[in-house]
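So this first bit is one chain, no partners, the form predicted alone, shown in structure tokens.
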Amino acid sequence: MSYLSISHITKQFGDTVVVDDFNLDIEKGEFVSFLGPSGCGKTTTLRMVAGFEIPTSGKILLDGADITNKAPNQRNVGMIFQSYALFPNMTVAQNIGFGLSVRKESKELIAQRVDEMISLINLEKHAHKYPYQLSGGQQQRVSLARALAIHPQVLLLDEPLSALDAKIRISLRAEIRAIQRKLGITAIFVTHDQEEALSISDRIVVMNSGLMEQVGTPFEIYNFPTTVFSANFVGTLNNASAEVVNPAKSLIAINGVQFESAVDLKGRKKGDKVRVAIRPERLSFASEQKKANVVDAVIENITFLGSVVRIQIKIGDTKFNMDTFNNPFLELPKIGSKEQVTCSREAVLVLDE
């Protein structure tokens, strides 16, 4: 039996369905991210687990106990908000110990637990400072420590890094993941940042318009998207309309240019409309090595992106991006030149149109 079970959860505000038939089982110690654009229902789902919203229908079980209709203070979860939500008139130590004080724990236990948490987030020298005396990253560490101090069964993180600058965001997400692993706590992380979700999650739930588009490991979500939305939302993607040419051989054509896919197309018919998706890094020049698919292309543009060089090519009437790693000895073709481009069968993803 799963540790946290979210079963057929639906949430409506008036006539608007914000979350529609959400089903997910989470194992103990697992780190799961809800990924999607603004308004997709990810935060509402998190708030239902926290108890700040009550589902219109469905059930939430935590370690076998039904918490669907329980108030936030009746379920043992810790929550971290985007805005830190620290008490400005309390020191770091007082903020961390607040939840334990509300639970009327002894002063000795509170002091011991606060010391443990301050050590965990490496803020020993800042215990008696107030929030305004801390950086944004330090304040979010305090929020994390406060959420963990009460020994929650589940840690909920609602876009906790979105207010921080890029470098701090990267270091702090790694720190959060390391602490989660060390404590073995079950965590749900809400984000619209695909890189964040891919870098720290055991599994990702891709959400769109209140629906679950796909659930899988970061490797599965990136390399094997099952819907057009998942394919386009996670990572950079080339995609184009195509039609099935030979289902038995998994042949498809994009404006007359044929590609062979590793996807089983035996359930489709010749002439069926499909969507083809290829990641830019899966394309390369045929002069480097030849794979199953070799097609003619015209070089349209070349963009230097630091560690990556993005080459825009035209295959038939369709424009694609091709990414290659930069190196000092890289020989690039001239714009307007004709080249042969290749990719493997596995690189050609076929999705429903």
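Fair warning: this is a prediction, and the values are worked out from it, not measured in the lab. Each residue number is its position in the shown sequence, starting from 1.
Just so you know, the form predicted together with a small molecule exists too; it's not on screen, but the next bit is about it.
Residues placing heavy atoms within 4.5 Å of the small molecule in the model of the complex fall in a single listed stretch, namely 32-40, out of 32-40, 298-306, 66-74, 314-322. Contact with the small molecule in the model of the complex, judged by any heavy atom within 4.5 Å, is made by just one of 129, 203, 275, 192: 192.
Exactly one listed residue, out of 343, 18, 9, 24, brings a non-hydrogen atom to within 4.5 Å of the small molecule in the model of the complex: 18.
A residue is said to contact a partner when one of its heavy atoms sits within 4.5 Å of a partner heavy atom; residue 159 meets this definition for the small molecule in the model of the complex.
For the chain shown alone, residue 44 is a contact residue for the small molecule in the model of the complex, at least one non-hydrogen atom being within 4.5 angstroms.
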